[in-house]
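The data below hold one chain only, encoded as structure tokens and taken in the form predicted alone.
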């Protein structure tokens, strides 16, 4: 039987485990039971001792490491982390989950990259653990967890309002009747059987709801509860002095995430930062840089231009790489941000009619917030993570919210975001530049070759080749000699 705690570390069962064995003073102690559970995990690679966690903190770090490598490392090997999917590890894993949740809640705020990565990690690990179970086990444990999470019949869609508003799930993924979410098979048949013709109602239930929708709701609800728990810890940490071990784990997580994200994005992706090429800007950005009329100013400067210029300058491959980065990952001292990006944004704001900051000086704070540094006058490292570093809005949204700026050219027809336009156009311009350079070099080389050839011809006329000259000399000598003889 699979424990609900294997999938839901916030269940009553899991909380009981923490109360029984979650002594913070022992989280660094070597744990022989944990090592045995890892050693005996099916398919677990034993080739490297570093893969084997020996205490709760190492297990917690391995959780983070697994998710980062799985997401970014092309050489990721499931066997290095097979123990994470062994149900026998449940009681240790639950403690590791709480160590991570509390360390992250203490060290980072709930909107931080670290918090979001931890929540995503939890959703991902549940999905993979479900894959390891038989169909009957999977169905049974999912139903038990849903029964714990949804303590009522006839659940209104508003029960999932928090998950819906955070976009963890969409309404179109659910079947609703009179505002109620339909999950139970009997309920579905009772409501819809007489309305379904030419099809088997039971088959329709499996197609429309079945196990996938139940599992989706279960996973998203656990993710939401994980996020809520981290937020609660963060709030509590402002009032209660955290345990030093948790502060230490928070530092470890910060270091590991920073090092790994820099490694995978710099070595394998391209998070290097590139000089801006204004020739590659899409029409909407060029228009915004020239200043925008009242009515469109705020959204154009704060939402569109700020995100576009920051990503175009620091990380134009964000959509391709799909990683969670902070500005300081690329610009550690914020020199590029303060000396190059912000002046361009502020200048564009002043070119607006009337100048944006004259009417709305608070928009400077919003610009800082959209770069991920919270609501402050200027970006500072100490405030990073208080808000999200926003990516540029899509072309569809620009058409709706900023139609005056949408003047598409032929490149616009092929893309869906101004940043994608910039990447594509930059590549085209670089290629044209390379071709021009190559053409110029070929032309220079041809000129040199031609010049050399002309010079050789001249030399041949003026100075015959040494061999020929020698031969001619010998011929001359011979002739001369014969003449003299």
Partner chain sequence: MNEPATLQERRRYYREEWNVKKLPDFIKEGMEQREFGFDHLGKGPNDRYRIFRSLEYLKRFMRYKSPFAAYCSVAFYDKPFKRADWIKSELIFDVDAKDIPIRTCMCDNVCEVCLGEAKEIVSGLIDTLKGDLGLKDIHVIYSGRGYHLRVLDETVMKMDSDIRAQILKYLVGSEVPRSEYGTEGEKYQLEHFSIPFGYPKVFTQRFKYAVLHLTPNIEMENISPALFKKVLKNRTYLLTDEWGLFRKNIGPINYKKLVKEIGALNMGLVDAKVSIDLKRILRLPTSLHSKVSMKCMEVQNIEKFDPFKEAVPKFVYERDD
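Residue numbers count along the first chain shown, from 1. We call the rigid core the largest set of C-alpha positions that still match within 1.5 Å between the two forms. Please read all numbers here as calculations on a predicted model, not as lab measurements.
Keep in mind that the form predicted together with the partner chain is missing from the display, and what follows is about it.
- Only one of 243-251, 343-351, 171-179, 88-96 places residue heavy atoms within 4.5 angstroms of the partner chain in the model of the complex, namely 171-179.
- Between the partner chain and the residues 378, 204, 155, 130, the one pair within 4.5 Å by heavy atoms in the model of the complex involves 204.
- With the partner omitted here, the residue from 225, 71, 139, 313 that has a non-hydrogen atom within 4.5 angstroms of the partner chain in the model of the complex is 139.
- Every residue in the set 161, 295 and 397 has a non-hydrogen atom no more than 4.5 Å from the partner chain in the model of the complex.
- In the model of the complex, residue 325 stays away from the partner chain, with no heavy atom inside 4.5 Å.
- The closest heavy atom approach of residue 355 to the partner chain in the model of the complex falls outside 4.5 Å.
- The partner chain is not drawn, but in the model of the complex it has no heavy atom within 4.5 Å of residue 275.
- When contacts are judged by a 4.5 Å heavy atom cut-off, residue 167 counts as touching the partner chain in the model of the complex.
- Within 4.5 angstroms of the partner chain in the model of the complex, the stretch 183-201 places a non-hydrogen atom from each of 188, 192, 195, 196, 199, taken in sequence order.
- Taking 2 Å as the criterion, residue 215 does not count as shifted between this form and the one not shown: its C-alpha moves by less than this amount when the rigid core is aligned.
- With the core held fixed between this form and the one not shown, residue 393 has its Cα displaced by at least 2 Å.
- Core-superposed comparison between this form and the one not shown: CA of residue 91 displaced by less than 2 Å.
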